[in-house]
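Next comes just one chain, in C-alpha cells: the form predicted on its own.
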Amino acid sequence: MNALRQYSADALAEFEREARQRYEEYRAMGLSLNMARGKPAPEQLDMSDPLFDLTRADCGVKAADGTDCRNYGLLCGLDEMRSLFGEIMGADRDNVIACGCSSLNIMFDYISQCCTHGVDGGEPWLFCKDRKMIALVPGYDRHFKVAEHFGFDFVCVPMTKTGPDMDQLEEAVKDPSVKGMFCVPKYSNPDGCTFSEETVRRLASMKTAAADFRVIWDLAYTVHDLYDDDRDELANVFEIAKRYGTEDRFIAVASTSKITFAGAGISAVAASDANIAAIRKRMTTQIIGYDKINQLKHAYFYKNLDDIRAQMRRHAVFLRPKFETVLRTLDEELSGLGVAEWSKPKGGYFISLDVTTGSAKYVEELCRDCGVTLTPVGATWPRGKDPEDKNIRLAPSYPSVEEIGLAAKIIAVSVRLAACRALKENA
C-alpha cells in the first residue's frame, strides 16, 4: 500500500468509504469483546486446577525444614519457595522473601516504607516537598498509580526498543528530588521490549543525585516467553550491580500470578542483604507470616525453574496464536499506510499500538461502539493523560482466538477511519 497521506482527495474518500462500510458491518454484529486487561484465559487457569485437589496425603503439612505450615513461623516463607523464586529472579535464596499472592502489594508496601521511614535511616521521602518519580512511557498504569498515591510528580522518560532512553534518564536523575522508578525490564508493559545488557549496565552504574534512589525491578513476565526457542534474555541486574557497588539500588519483585492462579498465587521480593534486612524488620510488625499452605502446594508442583519453564510452554500454546493473530491482522490491514506502528513482542501479555497523533481516543470510541473494549487510552501515561493521544495497549490473552481475530480487524478498521479523519482535519 502507499502511505495514506499521499492519496489524492478522491482516493482518500474512497478508502474512507470502504472502511466505513466494513465498520458498519462489524457494528451491526452486536459484539461484546474485552481486551482491556491482560488476564489469563480460563483455559490457562484450568491448567492449575490440580492445586485445588492436593490433600494432606499428597504434600503433607510440613515444609522441607520440618516447619508445620498450619502454624506460625517462617516469616520469610518456605525455603523451597525462596529457592524457586531465586532461580526465577536470579538471586540467592537468602536474598528472597516469599510472600502472598500480590507483587503489587509488595511494591506498594516498599514505597510506603520509603515515604514514612526513609531508606537506611535517611530522610523519609514524604519530607521531600518536590519528590518525583521517573515514569517510563508508555508504561504500566498500576506503577503510576502507586506513585500518584504517595504524591509524587513525574519525570517522563520515553521507552526505546532496548529499554528507557538512558541519555534522558541519566540527565533526569541529576535532580536530588528524583527518588526512583518502576520498570518491567523483560517484556515491558505495554510494548513488550526487554532491556538490553547495556541498558541494565547503565542503570546499575549511573550516578544519581539522590543517594536513596531506588529501582523497582518488576519481573512480572520474566518467564512468560511465547517462543521457547526464541526468547529474550535479561541480564542479571544483581550480578551487574555488584560490580558498581549499587546492589542496594534494586528491589525486584515477581509472582506466579500468570503462572498458576492470577488471584491466588505466590509473590516474592529479591534484594540486597541490607534491603532484605530492612524489609524483614518492617514485616515483623506488619505480619506474622504469609499463607504457607499455599506456598507448600505450589512447592509440591514446581520444584525448580525447569518445572516453571514447562508450565510456561503450556501457557504459550494458548497465548501464541492470539498474539500472532493480532500481529498478522495489523500487518495485513495497516502495513504501508503510514498511520500506525506496533510492537512485536516475544513474550509478556501486551502489544503496544501507536496510531496517528491525536487519534487514540477516537479509535477507542469507534471500537467501543462496535463492542470491543480496550484499555482506556491514556492508561500508559501518568495520571491517564497521553500528551500525544496516540498509544493504545492491546491485551490479547483473555478472548478466544476467533474473538481476537475479529477484534483485531475492528481495531484495524477503526485506525483507518481515525487516520482519515486526522488527514482531513490537517489538510
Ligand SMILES: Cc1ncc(COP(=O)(O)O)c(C=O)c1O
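Note that the coordinates shown come from a computational prediction; the quantities given were computed from them, not determined experimentally. Residue numbers run from 1 along the displayed sequence.
FYI, the form predicted in complex with the named molecule isn't displayed, but the following is about it.
Given that the named molecule is left out here, which of 116, 102, 162, 236 has a heavy atom within 4.5 Å of it in the model of the complex?
Comparing distances to the named molecule in the model of the complex, the residue within 4.5 Å is 102.
Considering 195, 125, 152, 221, which brings a non-hydrogen atom within 4.5 Å of the named molecule in the model of the complex?
Residue within 4.5 Å of the partner: 221.
Out of the stretches listed (168-176, 198-206, 138-146, 68-76), which one is close to the named molecule in the model of the complex, meaning heavy atoms within 4.5 Å?
One stretch meets the cut-off, namely 138-146.
Residue-level question: is residue 260 within 4.5 Å of the named molecule in the model of the complex, judged on heavy atoms?
Contact with the named molecule, no.
Looking in the model of the complex, any heavy atom of residue 295 within 4.5 Å of the named molecule?
Flag for residue 295 set to no.
Is it the case that residue 356, even though its partner is missing from this view, gets within 4.5 Å of the named molecule in the model of the complex, heavy atoms only?
Although the named molecule is absent here, residue 356 would stay clear of it in the model of the complex, with no heavy atoms inside 4.5 Å.
Closest heavy atom of residue 184 to the named molecule in the model of the complex, within 4.5 Å or not?
Residue 184: yes, in contact with the named molecule in the model of the complex.
For the three residues 35, 343 and 391, which mark the spot I'm curious about, does each lie within 4.5 Å of the named molecule in the model of the complex through at least one heavy atom?
No, the whole trio is out of contact, none within 4.5 Å by any heavy atom.
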